[in-house]
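Shown next as structure tokens: one chain only, the form predicted alone.
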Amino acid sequence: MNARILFLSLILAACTASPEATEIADPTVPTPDFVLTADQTHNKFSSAIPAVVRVPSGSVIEAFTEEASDGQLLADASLEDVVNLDFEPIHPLTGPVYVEGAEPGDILKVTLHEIELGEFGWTAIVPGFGFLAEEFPDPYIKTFEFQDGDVTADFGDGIRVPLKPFPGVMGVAPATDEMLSTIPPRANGGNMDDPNMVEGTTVYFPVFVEGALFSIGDTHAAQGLGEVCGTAIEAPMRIVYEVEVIKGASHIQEPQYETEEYYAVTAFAETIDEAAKKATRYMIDHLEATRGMSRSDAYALLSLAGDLKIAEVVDVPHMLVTMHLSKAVFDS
């Protein structure tokens, strides 16, 4: 059976089965309140895109995603398919989700409870796209097949790439009815391509419009920091996430996230230098607001313990830099 057909059949089964059949076996993962299928998608960011579902704060959502090409590149993709790739359907995003009570100035907390990999993936060099596009003008494609329990991808020649599935695109709607491309990241999140936003991560988004209008997609099975050739292992997935509206918290200008080990801020800009400076300022703001630190103390601490990381350099015109700060420095 074609891998795409098989994955779509799993989606249909999830939508038609009884609640008992769709309940997740892992007791640490909450049972979804709502299910979104891989055909409930859009591929622009805009406040004018209508929500596919309206949910209360605290809801758990099971979302199925398509891979980044929206079905143009499948398990049997060829070089010809890469050459003929149409960028218009790129980044089908499952959503948007209207979260009741979310208003501009609030924060939308999104917890990634579970990320389940689909059965195939691909990575490609698309002519004209990528960090070294001028040096790699020829098309390239490598496809992968996955089975339950896989922890690495077979790159060939004895090379195994660790699998760390995550959504490349997560975001709320910007305060515009213009249909914005999903390619560059912005203040609303979007195409952040940060491989640290894996299962168990909590991401915080500034809310710009009523209901927040959250979407998720462009799921990656594995990606290095930078995503230098322009693609990760692009793969369909199933994601269980939770949304919660936070009111009265300190304002954030761009998405931030945390795990049990660290807190992180994100910053986009047209150069790495500018993005790195923004990320540093955002972490100083965070320490000032949450720890009561002076800006000078916070600045000095980040020089000692803050880690700047390049998330991506290919989503023109914007690049994304993050800063991580270990929570262990505050354990005492």
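All residue numbers refer to positions in the sequence shown, first residue = 1. If you're wondering where the values come from, they're calculated on a predicted model, not measured in any experiment.
Omitted here: the form predicted together with another copy of the chain. The next part is about that form.
Practice task
Although another copy of the chain is absent from this view, report whether L302 comes within 4.5 Å of it in the model of the complex, heavy atoms only.
Solution key: Within the cut-off, so yes.
Practice task
Answer for A289 alone: is it within 4.5 Å of another copy of the chain in the model of the complex, judged on heavy atom distances?
Solution key: No - in the model of the complex, heavy atoms of A289 and another copy of the chain never come within 4.5 Å of each other.
Practice task
Look up in the model of the complex whether G248 has a non-hydrogen atom within 4.5 angstroms of another copy of the chain, and give yes or no.
Solution key: Although another copy of the chain is absent here, G248 would stay clear of it in the model of the complex, with no heavy atoms inside 4.5 Å.
Problem - Touches another copy of the chain in the model of the complex: E261 (any heavy atom, 4.5 Å) - result: No, E261 sits far enough from another copy of the chain in the model of the complex that none of its heavy atoms falls within 4.5 Å.
Problem - Stretch in contact, per heavy atom within 4.5 angstroms of another copy of the chain in the model of the complex, of 237-245, 251-259, 161-169, 68-76 - result: It is the stretch 161-169.
Exercise for the section: Run the contact test on F131, F136 and G224 with a 4.5 Å heavy atom cut-off to another copy of the chain in the model of the complex and return yes or no. Expected result: Checking in the model of the complex: F131, F136 and G224 are all within 4.5 Å of another copy of the chain.
Practice task
Just give me the single entry in I90, I115, V82, C229 that has a non-hydrogen atom within 4.5 angstroms of another copy of the chain in the model of the complex.
Solution key: Comparing distances to another copy of the chain in the model of the complex, the residue within 4.5 Å is C229.
Exercise for the section: Any residue of 192-215 with a heavy atom within 4.5 Å of another copy of the chain in the model of the complex counts; write them all down in order. Expected result: Heavy-atom contacts to another copy of the chain in the model of the complex: nothing from 192-215.
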